[in-house]
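Consider the single chain below, provided in structure tokens and representing the form predicted alone.
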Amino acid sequence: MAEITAPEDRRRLVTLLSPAYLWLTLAVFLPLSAMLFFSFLTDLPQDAPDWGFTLENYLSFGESEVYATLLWKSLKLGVTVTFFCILIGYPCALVLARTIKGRARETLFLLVILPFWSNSLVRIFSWAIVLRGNGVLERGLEAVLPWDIRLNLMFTTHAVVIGLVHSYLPYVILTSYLALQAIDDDIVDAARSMGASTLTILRRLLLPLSLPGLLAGAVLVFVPVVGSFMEPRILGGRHGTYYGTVIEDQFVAVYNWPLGAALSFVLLAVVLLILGLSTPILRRART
């Protein structure tokens, strides 16, 4: 790519990028800066005139084993949901990109993004209706099978995983689909002409070339799932206590914003550390 040296080109580039960076500053960095400020306070300024600065909010994470345990539980949940999203999403994207053509592809692609058109709470409560005892799923199975069915999925970890997979599966499908679509058909045809089997083409050609899109989808799933709180609280019941639900309680129930902000930044630091440590491994696997 040629370097931009002309002053006119630089001014044009700054003009084009300024709205995006301004929006990024207002929508991301400004709220994060405010929350970082709150995380070092003893109390909210509007509630306590004698507020001050402290590190106790961050030290509370190390002093209590509960926070570390819940963080580890949330990380395991993120890995589990990401695994199932990849397991289900990549084959779906592969079929959409390489097998189905025409209007059928457009229809299926529309069904993939359909969950984005509804509110997240609607999706979660829909799963609650399906998974609850004597719900839609159990009644449907009892109509087909000749014996009494009691799945007891509601208010379990399985229900939380099902709800989260349904919510974040489209990210893996979309990113993998775009990566697979970018692969030139001539490369696949050349591999077939040289006698490569379908499994070999998938393992040696399609999967390596589409791995950047698959990894992007995995990151888009893992990061929000670790801090999720709606699906665990509604679908998990007493088993739905995770790190994200504790943070929500600090803001909504306990009204301890400084501690909630500190726990949020601990989560952010851990996620960034994991992504940073995994980057060389993922880059080596991709090449």
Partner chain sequence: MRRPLLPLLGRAWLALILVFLYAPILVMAAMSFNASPFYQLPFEFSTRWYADMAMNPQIIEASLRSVGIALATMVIATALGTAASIALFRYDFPGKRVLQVLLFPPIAIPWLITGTAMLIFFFAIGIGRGTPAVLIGHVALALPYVIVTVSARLSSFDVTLEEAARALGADAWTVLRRVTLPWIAPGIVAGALFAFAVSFDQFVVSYFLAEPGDSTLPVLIYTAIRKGFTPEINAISTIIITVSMGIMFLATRKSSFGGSR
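Residue numbers count along the first chain shown, from 1. For clarity, a rigid core is taken as the largest C-alpha set superposing within 1.5 Å between two forms. For clarity, every value in this text was computed on a predicted model and none was experimentally measured.
The same protein has a further form, the form predicted together with the partner chain, not shown here; the description that follows concerns it.
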In the predicted bound form, do 91, 95 and 247 all reach within 4.5 Å of the partner chain through at least one heavy atom apiece? yes
Please check if residue 38 has a heavy atom lying within 4.5 Å of any heavy atom of the partner chain in the predicted bound form. yes
Is the gap between residue 152 and the partner chain in the predicted bound form 4.5 Å or less for some heavy atom pair? no
Is there a heavy atom of residue 234 no more than 4.5 Å from a heavy atom of the partner chain in the predicted bound form? yes
Residue 32 versus the partner chain, in the predicted bound form: is there a non-hydrogen atom within 4.5 Å? yes
Heavy atom within 4.5 Å of the partner chain in the predicted bound form: which residues of 170-192 qualify? 170, 173, 177, 181, 192
Do you see a C-alpha shift of 2 Å or more at residue 66 between this form and the one not shown, with the core held fixed? no
On a core-based superposition, does residue 126 travel 2 Å or more at its Cα between this form and the one not shown? no
Knowing the shift is 3 Å or more, I'd like to know if the C-alpha atoms of residue 212 and residue 117 are closer or farther apart in the predicted bound form than in the shown chain. closer
If the C-alpha spacing of residue 24 and residue 216 moves by 3 Å or more in the predicted bound form, is that a move closer or farther apart? farther
